[in-house]
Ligand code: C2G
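Read the single chain below, which is given as structure tokens and is the form predicted alone.
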């Protein structure tokens, strides 16, 4: 057995699957995997044992009296049978040719060092991105994103020619030490170690460390052999966790005090280990990495840390600073050099003042070269500290793009039932003034006026997330109406976020904690919102105010429908088909570039249906612009720029959609729905997945071609009859809370009561 791969594990099954798959795909075998489970569930351990692999897979449980990554790795070393060991974290993975290169360079060597790359993505996302880059460079033919087989012809690489110094000890050790990171970036990952050397020298990971046991281990290993080699390839993919709230990686756990003490202790031990070797270059690199850590972590702790803990940190730092040698200081930036020397001669409180002064200067420089930062600075320092206007309510719908959705109907209910009592401000997007039926100040999103109102409003009513810089002030109330019953998995129910910031989950969690109230349209949504948003605040089980319009009395509904049709120029005698597909996350190519193609054949539909029907297209505004509506004049209408989709529901006789949550709202009308799901397999498997089985629950047929859609429309009475029972069950489950009084319930339960209380106290 050539290699034993030692994998510590603790309840990270979704990531371990990627890790094990990367071993299955290796171009060269002759290895075993040793998984050491620390305080893991019995279900997880059993599932790992059931994994089918072509290589030996050994699963052990770490004894109860031992814990941590260091203990798991040491336990794995004892159980390993390979000539070499390689430490692989269960949330990481190897490139497909890793062992081909590791073993190809291992003859006569004790340590084989290869590079690492950091990513936020799992294997599929990582390799698909790599494929696309190759395709863009014209190096490979296009490969389908659905292809689960990571083609070795694409990703296996030739070993680069070795440099003359790739086997020089110092030139192998220096990349480990001299990377562009702090001392905490030193790791034992991505390195092949000869097990006989580990056993002979009795080198182990120090189990008294929680976070930084790698530092002394790698230093001892490198100082006990000169038989080393560097491979100039990246073979190890280090994966950051996208959910640091529920499943933080070790480096994402917030425990600054323990980390500070561990790093300083490790630094002193590493200096002792390196001293007999006499490598000034390597020692200077180590000093440089510690200087970075001191400047970025230790010194700022004197300013931000707990007062009772600062003396202990200062005492240990005072032992470390004299160990820094002059050549390392000479290589530092000016501020770092001055801070180190200042810290050797002053107390923690004085160091804190110097750090604070520098931080303020840096903030000033960053801020006053950027207009957005200037505005946000004044928001934090001035607007968010100004007196709150107790009767002011701020509304925003879809980032100010239109006057619509639940904020619209809450606003109208307040004006009709509490005239003159409250003042209002509406947010609009750049170049988009809103057509409001009642008086309200309008502010452009992101403007100075917007920030002023954001700072002084008493109430906030929004259907999307608030800005990340938003400060939730004491005495204010935030009502999040959200914007749909969830069909696709959201936030913390997603295994991996592909088309958003890697910090999407953490940011969302921080924002959701600022919500005082969240509206749910039905019990299904209420239950999902609790876990997908990790929301534990007040849930208003009222239904969506935006759907009140769908429950108007017949006469009022008919009159309003006629008015809306006239606004759009739709002939009064024509029936209306509304086509409202979802926005597909994967169809954005680059800024302003989209790959969406219209799958519904409008020419064919006009030919067969135009005598009786017209069609209104409600699509993403960047997509619909590509459609030439003049070609279909009198048959196809652009509803994408119309503010409120609920009014389009009202005028339509049939809805065509796919995976958009619009069908949950539309069901309030009990009118027929058709589901044009031409890319069902791709959408369900490649993107976020669904909360329920569409085939079982949706109250209409799933159609895959334009002709199938046309046939269904021409036989709509038969469709209605066929899906009646399913429609009734769907209506009961998703529309049962909505009776046309949701706006009233929201206002009376939350906004009205809260505002009246404030006003009565004046």
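On a predicted model such as this, the values are computed, not experimentally measured, just so you know. Numbering follows the first chain given and starts at 1.
This next part talks about the form predicted in complex with the ligand, which is not shown.
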item: Triplet 405, 581 and 660 all within 4.5 Å of the ligand in the predicted complex via a heavy atom; value: yes
item: Non-hydrogen atom contact residue 619 with the ligand in the predicted complex at 4.5 angstroms; value: yes
item: is_contact(residue 488, the ligand) in the predicted complex, heavy atom dist at most 4.5 Å; value: yes
item: Residue 483: touches the ligand in the predicted complex, heavy atom cutoff 4.5 angstroms; value: yes
item: Heavy atom of residue 602 within 4.5 Å of the ligand in the predicted complex; value: no
item: Partner-facing stretch of 225-233, 661-669, 324-332, 362-370, counted where any non-hydrogen atom is within 4.5 angstroms of the ligand in the predicted complex; value: 661-669
item: Single option in 645, 197, 443, 277 placed near the ligand in the predicted complex, where near means a heavy atom within 4.5 Å; value: 645
item: Single option in 120, 517, 470, 398 placed near the ligand in the predicted complex, where near means a heavy atom within 4.5 Å; value: 398
